[in-house]
Each structure stands twice: as C-alpha cells, then as structure tokens.
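Have a look below at one chain only, the form predicted alone, in structure tokens format.
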Amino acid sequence: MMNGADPVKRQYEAYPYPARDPAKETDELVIGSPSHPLEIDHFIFGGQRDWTQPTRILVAGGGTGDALVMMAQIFADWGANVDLHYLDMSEASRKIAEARMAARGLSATWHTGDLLTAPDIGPFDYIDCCGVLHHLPDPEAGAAALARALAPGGGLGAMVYAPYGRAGVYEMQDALRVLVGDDEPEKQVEHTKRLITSLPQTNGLVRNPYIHDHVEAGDAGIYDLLLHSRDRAYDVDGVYGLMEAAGLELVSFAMPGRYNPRAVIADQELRDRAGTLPPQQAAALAERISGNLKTHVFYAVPKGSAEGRVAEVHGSAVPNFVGPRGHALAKSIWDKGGFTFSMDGLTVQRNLPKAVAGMVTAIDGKRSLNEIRAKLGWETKPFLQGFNNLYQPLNNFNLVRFSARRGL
C-alpha cells in the first residue's frame, strides 16, 4: 500500500494532473480515449450493450477527473443506468474531480486509496485505467488487481506510455534527478522551466516534436513529463506481456490502423511480408517503423473471453461517429475521393469510392446498417461491400464505432 511518503502521491498532491479548473468545467467537455462510452460498447460489449441494465464502472487512478466526467456526462445524456466509482490516492486530485462533477450536476461514488484496493470495492463491468499502471511500483500487481476487480463479462480500457514517441524524455528525467532531484517540487519546476528554454538543439527532447503538449500544460504538465519519480514505458510486446501476467488478453488497440505495418511501409514486397505476420508481431513492427507512438491505448478482457468482444459489421449494428461530422467526411470523400488522417507527424491517405459518401451522411447513431441500406435503396450485398470499404479505414483511426445503445 502507498502512504503519505510515497513520492508519486507527494507529486500529485502538489501538482494534480492534468491541470483542470472546475470554474471552467461547463465550457467544454473533455473527450478522450480510452473509455468514451461508444468505444466501451464497441470493444468490450460487441456494440450491443443494453445500457438500461445496471452497469458498474470504476475509474482507477481517476486523477482530476477527465475520464470520470466524460463518462458521467455522456451516460447521463443517454439516460444509461450506470453506477460510476472513482479511486485515486491523491486527495488534491479528488477535490478537483469532485468540483468538476458538481459543476455539471453529476454524481459518483468516491474512494481515496491505492489502485490495489480495487477488488475490495468491485466487481465492475468496466474499468478505466488511463496513465496509471506505468507509475506504479509494481505495474504487474496493479494490472492483476484490476483483473480481479472485473465482473464476469467485463473488460478494461487502459493507456500506458510508449517508448519511441517519448524519445528524449527519459534522458531528461535522469539529468534532472542529478540537477534538481533533492529540491522541493516547486523549486524543481522552476529550475526545469529555465533549463528547457536553453537546451541545445542536439538534445533529444528538443528534437522530438511529439511531446510539446505536456510542456505546454503548465507546471503540472512539466512535472508529470520531466520530473516524475516513477515512470516507465511499454513497447507493444511489453503491453502484451503486462496483460498476460495479469491474466488478461488484449482485445484491440483503440486505433488499430496505427498498428498495421502495411500503413507505414511503401515497398510492396515488404508490405506483403508484413501482411503475413501474426497480430502481436505486426503491431510491434509498426510501432518500430512509425517511431511516433507516445502512448498505447488498448482494451483487454480476462484470458479466454476475447471472442465476440469487438463489434462487427452486420445488419443490426448501429454505427456512430467519434470525431468528425458526417457531412464533412462525406464532402471529403466526394470531392477528394477519400480522406486524410494525420497524427503525431504521420499522415495516411485512404481512398474511397464516391458511392460511400451517401452512407456517411446517413450515419446518425440511431439507424442500424439495415435501416441505412433501406433508406438509401441499396441491395444487401453491394451495400455491405461498400460499407466495408468505408468502415475499415474509419475503424482503423477511431472515427466510427458500433453502439446500438439498446433500451435507450
């Protein structure tokens, strides 16, 4: 169990992260991954969850409340029957999360404590654990505790740091331990801000364009990125190993397209070779070649229960957009013959036939594929073929998810 002397607890009492102002809470809802309710349904419940049935959800390591507030607001808007629980060891972070929930008139059950206590307050149908496992003294024990806290049929959504997109971070952490490691947190931040404004151009942090968001997030972001006392990263093989040790198995990464080596290999012969690799080896290869993954966002379930978890294309499936509005995507497909996806310096172009633009405009989160087909007047076979052409690239980059929201 962690106690008041734990350096990570000390950090988050001094610098709750991410920095959020409850007074501005109602200005905008922070949306992210994992744990958007559409994603939970898509990756854990086959896109067919009956949200009128009681559902217990835990946010393990809830911090200042991003995942909690997002889920609470969306589930409230849906009218879903969800019992939300928050667990974190930082009292300062919890106070901010509580104030944010109160500003929206939302509620949760609050627990202050160690992530290892999750089984004591379970079981849960779904557990969110975003940016936590990589800060634990024993990540394997933490993941195993979450596995024990799952109800039958439940699942986990998690994020851990990835090494290649964080190039330069760990060298700077080591350097700062030498320079300012004995100072109080406020002094560490003060010295660090002065240092990073005058780093040589040869420094790995300066040469990495993908991690500026933490530095721009103020003192809390600087501390979390460069002064964290316990911080490790997992490559793809490490993620698989972490889940295996906990008695869990990976269902999917949230953006499977970023883990497809064929998306980042231009040479056709080598693309064909990559296409024969098993999923873990292919994902590991894609990570090494792309070099820009800062985090791994993924969904996992108890071993032996992965089959049928991820939603599939069928007549009763209900597609929902996550991110772009349908008309903008449809216009891009019609005008440009596809769409372009850009993230962390990687740009991927996906060509699509103009015929699928009408399918895009018919997606409203309410109609099933059968209803969309009937509305557009398509025959079943060509419609499903056309929708598959659309679905695969959108699914790859977290742009569309299946959730029937049955009962609502």
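Throughout, we count residues from 1 along the sequence that is shown. Quick caveat, the model's predicted, so the values are computed rather than measured.
Below, we turn to the form predicted in complex with a small molecule, even though it does not appear here.
- The shortest heavy atom separation between L408 and the small molecule in the predicted complex exceeds 4.5 Å.
- When the small molecule is considered in the predicted complex, D66 lines it closely, a heavy atom lying within 4.5 Å.
- Although the partner is absent here, G221 lies well away from the small molecule in the predicted complex, with no heavy atom inside 4.5 Å.
- Of the heavy atoms in A246, none are within 4.5 Å of the small molecule in the predicted complex.
- Looking at the small molecule in the predicted complex, residues G46, D125 and V301 place no heavy atom within 4.5 Å of it.
- The partner is not drawn, yet in the predicted complex one stretch among 337-345, 57-65, 352-360, 367-375 has residues with heavy atoms inside 4.5 Å of the small molecule: 57-65.
- Scanning L136, L242, M172, A72 against the small molecule in the predicted complex with a 4.5 Å heavy atom cut-off leaves one residue, L136.
- When you look in the predicted complex, the only residue of V189, L84, V160, L115 with a non-hydrogen atom within 4.5 Å of the small molecule is L115.
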